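Just one chain follows, in the form predicted alone, and it is written as structure tokens.
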């Protein structure tokens, strides 16, 4: 590092978007971009990262840097390079990039506070105390019995505090502070598995991936494999290769629900420490995982979207499973990054092999593979002897005529469920709408009870008897009379998973059901608990939203019922057909993954629709050919780039006025390659008391434009209106 640099621009952990200059002083010889520092700001101490070193401060009076933290707190040079690219591409200040890259627990140095309890006197001695405790202190006795069943121990937070204190005083328990991580709980009860024999297609893909890793070069591989084709086994054998080369492997999955299943697979296969990163983990768990990666203890990193920023050095492999999934895209706040695209850029910067996998690749990825930008590997057969399920398309118009009214279940679906119950086979029912009813309304004047804070109707939840907004969380009691016309005759419309569950029990009173949606998975370990209960045969039917549609492996599921598969097709969004095709194909692929052939009943009001027909046949290539022609004709991605300018604020008129004014500025300064569409209300025109307007920009080069947009945004007068620049948006409607 040249010694003549005397100043540094610091990006602070605050809401300040611009870096501030500080004097290096005695730290001139050790300062470098990405270093973690402590600086004074308006009488307070603030932390931040060095952005750049220079000799030309913008102000005369420069305060000194007070401290440079140990290198473990730095952002590595490669991640810093990635941050600079993200700031430019996603038109986002570096302060937001860094806060996205580094977990709060690391930036704020949050110390874990978990307490781990174990038996202090051994099994036999503890048993001798139980008879008296059962009589005098039954809660204490219950705690000891739980610990006898869990000899490794339990977290104190999961047990009654007063009873624990008494047992500690009696010296029947031992307590120690731990990191807050429960990773070591996964180390037991896993039967080691060995690599499976690969078929020709799997081996061909693996050989190509291994060759890329051996060369130590960057290359992107797309594994296009039908559901059940053994993509996970290819991933795991590729990970083994990376480990044998002394490299680390990073695996991303789209949903927290899939993380638990992946943990089981990887712990059974690999003896190496696995670091787990996703938003459901506590601060202590995230901190420990992060630090274990920095200490080179964890060789395998598994996580959701934000795990792409893990501080791993010597990466040999990055895997993005279900790469098409919209969960990889951050839409609600800056930076609006897509983890798949960031992974590819990170691979390029660090010479890492990147593997994308999906049964329904995004059109963008498959187009890149067709043009030779990615290497394409096709897995056209299921890895086991199981075949793709037989799909039957059922017209719900005809089903309603036969039932002489509305029904969730066609005759074919009812017969399918009835057939499987005595045989011990399981059924999956998919409906991408939770709650009991979608809305409460007045048939006299057509009034619909809406959320006072959002531009959507309230969903009725029968179990708790309340109306709820699924965007802001607002709750209220159901209406007793119409506030518009005073009518006391009110009805409900639309149905969700809760209604489906109750209706199913009406048909089959003894049926065992589980429901998996946001209402039933609010607690920390709910996903894993529900999945394990279903996998171990504790229920005959699993009813759920899109969280059950992807990646999950249930060998005993031989029937999948898809209810209302076509609702998204009516949305005015160029990706609607792609998302419907992906959803149907993915959920259909959960059937028949074991030894017994599977069946899918696809219920729809649009049985002749081309997307429905192609999804039923899992015919991705024909769907891709049809869709890519449409995209090219109308100039949609991947034949262009899109930017969605989202304007929000409390005053609708002011938001629209600022949006129109900003669009005018964009057009005034725009290059020839830009097309700026009119300002329109969003599909959801109000969310959380904020009115929402959007303006789409179509262009062919992102980087020159984002730089200009960011500059315009900084110069513009906003007056309590906010602008979010969503680069490569997943939806042009919401």
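In this text the structure is predicted, and so the values were computed from the model without any measurement. Residue numbers count along the first chain shown, from 1.
Below, we turn to the form predicted in complex with a small molecule, even though it does not appear here.
- Although the partner is absent here, residue 361 lies well away from the small molecule in the predicted bound form, with no heavy atom inside 4.5 Å.
- Contact annotation: residue 199 falls within 4.5 Å of the small molecule in the predicted bound form, judged by heavy atom distances.
- Within this chain, residue 384 lines the site of the small molecule in the predicted bound form, having a heavy atom no more than 4.5 Å away.
- When the small molecule is considered in the predicted bound form, residue 426 lies well away from it, no heavy atom lying within 4.5 Å.
- Per the 4.5 Å heavy atom criterion, the small molecule in the predicted bound form is contacted by stretch 228 to 236, the sole one of 290 to 298, 597 to 605, 493 to 501, 228 to 236.
- With the partner omitted from this view, the residue of 470, 420, 461, 593 that lies near the small molecule in the predicted bound form is 593 [heavy atom within 4.5 Å].
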